[in-house]
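Take a look at this single chain, the form predicted alone, given in structure tokens.
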């Protein structure tokens, strides 16, 4: 297999694998936050703030995977 093909596969894997984990984590975090807000509506503001912060950190992992994929695609001749 030529080197360009291997780099393209690596870029696809970088994007694919870097979105699976954060995607599942974001779903679990949002589900837990909605459940917590339902149980304690008076704490909804604090829960929402913590949720948004956690989602931002999880999304950063996905962006790092996208950055690595762009770097790999940039190496294709």
Partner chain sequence: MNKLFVGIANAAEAGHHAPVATIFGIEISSYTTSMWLVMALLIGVSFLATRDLKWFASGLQNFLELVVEKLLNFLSEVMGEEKARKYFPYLATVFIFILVMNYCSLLPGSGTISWLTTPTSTLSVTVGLALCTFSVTHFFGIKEKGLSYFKHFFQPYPFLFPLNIVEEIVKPLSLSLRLFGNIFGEKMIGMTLFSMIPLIVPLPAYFLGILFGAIQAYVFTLLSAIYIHTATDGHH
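Positions refer to the first chain, counted from 1. These numbers come from a predicted model, not from an experiment. Here the rigid core means the biggest group of C-alpha atoms that line up within 1.5 Å when the two forms are laid on top of each other.
Just so it is clear, the following notes concern the form predicted in complex with its partner chain, a form of the same protein that is not shown.
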Are any of the heavy atoms in residue 31 no more than 4.5 Å from a heavy atom of its partner chain in the model of the complex? no
Taking any heavy atom pair closer than or equal to 4.5 Å as contact, tell me whether residue 24 reaches its partner chain in the model of the complex. no
Would residue 74 show up as a contact with its partner chain in the model of the complex if we use heavy atoms at 4.5 Å? yes
Hey, in the model of the complex, is residue 17 touching its partner chain, heavy atoms inside 4.5 Å? no
Residue by residue through 35 to 55, which ones have a non-hydrogen atom no more than 4.5 angstroms from its partner chain in the model of the complex? 49, 52, 53
Core-aligned, does residue 45 move its Cα 2 Å or more between the shown form and the other one? yes
